[in-house]
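Have a look below at one chain only, the form predicted alone, in structure tokens format.
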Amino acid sequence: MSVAGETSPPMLAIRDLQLGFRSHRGDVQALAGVSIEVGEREIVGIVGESGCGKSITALSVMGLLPEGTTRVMGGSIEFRGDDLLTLPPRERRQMRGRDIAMVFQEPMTSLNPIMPIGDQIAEPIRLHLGLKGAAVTEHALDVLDKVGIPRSRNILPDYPHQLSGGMRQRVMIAIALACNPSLIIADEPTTALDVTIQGQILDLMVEARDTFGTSILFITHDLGVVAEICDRVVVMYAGKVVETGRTDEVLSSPRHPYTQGLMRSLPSLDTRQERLETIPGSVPALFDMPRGCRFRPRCSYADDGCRRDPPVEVIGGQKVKCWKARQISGVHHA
């Protein structure tokens, strides 16, 4: 897979994003200096345990976090050179669906349960492309055909509950592709699907990149999915990016202890493996983050020096936020 975006400016550049939530305990920081780039025609994966900040990062790009309880404390989100955080709300809404679209994990909570499928696909087409009448229907049918829905005209009057899980997810992708956006953010779109449907959805993502030149930020907890479709991978832990690099390099030679732990927790084809390895402990709560390296309480390499926030080390093509990065050898997996 060719990696786009290495020589040209990135389409999306999240730079040192710091974001907090207001709570009954006071302000808590959910993202602490997150930096992620997505190049033209590139698929970038974000991986990490639940609670690491993957979805919050995606919703920050889309501008879908609640305004009353969310506070951006620093950083920028640049899309084609424009900082989305400084755009007027009206311009931000116009970009949503037209330039940047999102595919959510659970279509039943994202699709309108009381609106026919045809109307839900038609809405962004009318709003962003300015089409009317029969042209809207024809465009909607064309998009549904492209995502592999047979006899697409038959489902236009259907409601979400009348479709299977795989069909609903295809409809979500069709809505995202309807206006040919430059960037799609996919937030765990295959989690609730069986393996066969999951493979078809992943194929659709790659086809969108190859056919339409769409860039994709793909959020998942599944390293197998990352290995299959992503050009680069970003590993997040407790609101920070701890390792980034080309997918093949990170997965074959992980440099951060957390990435290594994720790799060791994968099932093996070795019949001698009696049980999966786990990473001890759990992701810290937002209001109780450890000082220094946030992975320190769970890390077997940690010492007193890790009570300071580690710098980012560049090792080969990988960026690693760890004091021990140069001492730790990569873990290789067949």
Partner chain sequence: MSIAAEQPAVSTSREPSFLVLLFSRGSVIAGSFLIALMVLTAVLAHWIAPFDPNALNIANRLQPPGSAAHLLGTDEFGRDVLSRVIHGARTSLAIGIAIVAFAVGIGTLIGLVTGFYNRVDMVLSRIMDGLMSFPGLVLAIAMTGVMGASSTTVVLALGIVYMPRVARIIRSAVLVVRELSYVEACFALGATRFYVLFRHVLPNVMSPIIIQATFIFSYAVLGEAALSFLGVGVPPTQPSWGNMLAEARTFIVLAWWMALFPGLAIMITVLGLNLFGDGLRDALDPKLKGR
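Bear in mind that the values here come from a model prediction, so they are computed numbers and not experimental data. Numbering follows the first chain given and starts at 1.
As for the form predicted in complex with the partner chain, it is not shown, yet the points below apply to it.
A.B. asks: Can M62 be called a contact residue for the partner chain in the model of the complex at 4.5 Å between heavy atoms?
C.D. replies: The answer is yes: M62 has a heavy atom within 4.5 Å of the partner chain.
A.B. asks: Using a 4.5 Å heavy atom cut-off, state whether D145 contacts the partner chain in the model of the complex.
C.D. replies: Taking the distances in the model of the complex, the answer for D145 is no, it never comes within 4.5 Å of the partner chain.
A.B. asks: Spell out, yes or no, whether the shortest heavy atom distance between P124 and the partner chain in the model of the complex is within 4.5 Å.
C.D. replies: P124 belongs to the contact set for the partner chain.
A.B. asks: Hey, in the model of the complex, does G97 get a heavy atom within 4.5 angstroms of the partner chain?
C.D. replies: Yes, contact at 4.5 Å.
A.B. asks: Quick check on this chain: which one of R170, R209, K240, R232 has a heavy atom within 4.5 Å of the partner chain in the model of the complex?
C.D. replies: Only one listed residue qualifies here, and that residue is R170.
A.B. asks: Of these, G81, G130, G133, P113, which has a heavy atom no more than 4.5 Å from the partner chain in the model of the complex?
C.D. replies: Answer to the contact question: P113.
A.B. asks: May I ask whether D16, I36 and V72 all come within 4.5 angstroms of the partner chain in the model of the complex, judged by heavy atoms?
C.D. replies: Heavy-atom distance to the partner chain in the model of the complex: none of the three under 4.5 Å.
A.B. asks: Want to guess which of 135 to 143, 211 to 219, 148 to 156, 249 to 257 is within 4.5 Å of the partner chain in the model of the complex, heavy atoms only?
C.D. replies: Partner-contacting stretch among the options: 148 to 156.
A.B. asks: Sequence order please: the residues of 153 to 169 with a heavy atom within 4.5 Å of the partner chain in the model of the complex.
C.D. replies: If the 4.5 Å heavy-atom criterion is applied to the partner chain in the model of the complex, 153 to 169 yields D158, H161, Q162, L163, S164, M167.
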